[in-house]
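Next up: a single chain in structure tokens, the form predicted on its own.
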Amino acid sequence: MMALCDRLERLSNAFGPSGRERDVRALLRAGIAELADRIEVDALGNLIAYKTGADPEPRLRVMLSAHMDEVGFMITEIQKSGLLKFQPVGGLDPRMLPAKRLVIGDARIPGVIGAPPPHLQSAKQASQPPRGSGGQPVELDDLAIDIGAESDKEAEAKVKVGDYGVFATQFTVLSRDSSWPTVRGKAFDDRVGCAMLVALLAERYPVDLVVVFTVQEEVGLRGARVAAYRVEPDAAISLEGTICDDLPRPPDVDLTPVTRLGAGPALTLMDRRLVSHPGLLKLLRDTAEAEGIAIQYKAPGLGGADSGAIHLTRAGVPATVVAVPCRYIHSPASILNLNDMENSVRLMAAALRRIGREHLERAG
């Protein structure tokens, strides 16, 4: 487990918003150099690792994917005051952005997102309902990044329009208790999936394995579509860090959480981009039962993952998603339970040893 934790720490701390995944890719390439039979990087920046199966030919070709990119910010304007205007890269809620610390560009310039304080807010801003009741205290246009520059000239010496920023969050172990080991960090969506793929590459399976660390998932599953077209897999499973909203709710709110921390790997039945292939779902369920691994089901109809693009490639690909529950995804800091992560690796490794053509029969 601690090897997984250490790998996740390095990946979580890395700088890698959509379109600028190179630092994450370099970390991963070094980590899999001795594990894969062949490694490629395609035109979009996807990192693709091939590992030949142990069974005689013809073998199934199984694609596993996890995306390297994280949500972030792009600098769009440098104002005369030295403040930086920005646009989100990926899904970010403006309500959580004020006062958050960032690092920007190759030089990792530190900054903070500033917003009007309560006593300087407009009448419209001040009249908004409080956070959590559906209101939005500030609009995105009200926000700017402050890097401590006195003027546009001083800011331009450090930052350029088009530079990217990410949250300045460092990975922390919260609990080492074996029954509830928890960690905090940024970009668990989807550096947790990347860390699991490295662990899975350590073994040779009966099938030909193609592991793809994809780019630009947060802005439209772009890398996964290109990679799947190149790889032409017989089946695909995406590994994700997914929504976990299991915190206490008001007494009058009766909603089932999307997933629960510590309840095991989360299987996707359906999300906004994919209806999971029934044969692959049966494989995962049967494998979990045989291995004694507790699983849960992600609440249907929410979110999306690389498999949403992969399953529509060429003539169609049987696909599904296995995810680790992460509280507060797409925020400065997420929390996950390392047992969920370790059991997801166990489930996937056992499933790769069991998968056969019978699991890929036509759906519907």
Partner chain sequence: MKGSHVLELTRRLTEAFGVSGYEDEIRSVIRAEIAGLVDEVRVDTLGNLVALRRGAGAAGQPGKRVMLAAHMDQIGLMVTHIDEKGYLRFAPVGGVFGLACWGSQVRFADGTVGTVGLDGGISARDKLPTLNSMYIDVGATERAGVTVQVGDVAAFWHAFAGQGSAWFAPSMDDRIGCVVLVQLLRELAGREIAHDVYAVFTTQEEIGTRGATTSAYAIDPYVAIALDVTLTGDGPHTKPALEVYLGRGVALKIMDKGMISHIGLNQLLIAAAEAEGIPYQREVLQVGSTDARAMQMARSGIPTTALSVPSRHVHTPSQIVDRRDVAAAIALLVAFLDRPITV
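Please read all numbers here as calculations on a predicted model, not as lab measurements. Residue numbers count along the first chain shown, from 1.
Separately, the form predicted together with its partner chain exists; it is not shown, and the next lines address it.
Region of this chain that lies against its partner chain in the model of the complex, out of 265 to 273, 238 to 246, 194 to 202, 154 to 162 [heavy atom, 4.5 Å]
Within 4.5 Å of the partner lies stretch 265 to 273.
So, T256 and its partner chain: in the model of the complex, are they within 4.5 Å at any heavy atom pair?
Yes, T256 lies within 4.5 Å of its partner chain in the model of the complex.
According to a 4.5 angstroms non-hydrogen atom cut-off, is K51 in contact with its partner chain in the model of the complex?
Heavy-atom contact with its partner chain at 4.5 Å: absent for K51.
Any chance A43 has a heavy atom within 4.5 Å of its partner chain in the model of the complex?
Taking the distances in the model of the complex, the answer for A43 is no, it never comes within 4.5 Å of its partner chain.
Is R362 close enough to its partner chain in the model of the complex to count, meaning some heavy atom within 4.5 Å?
Because a heavy atom of R362 falls inside 4.5 Å of its partner chain in the model of the complex, the answer is yes.
Though its partner chain is not shown, can you say which of L338, L64, L27, V317 has a heavy atom within 4.5 Å of it in the model of the complex?
Contact residue from the list: V317.
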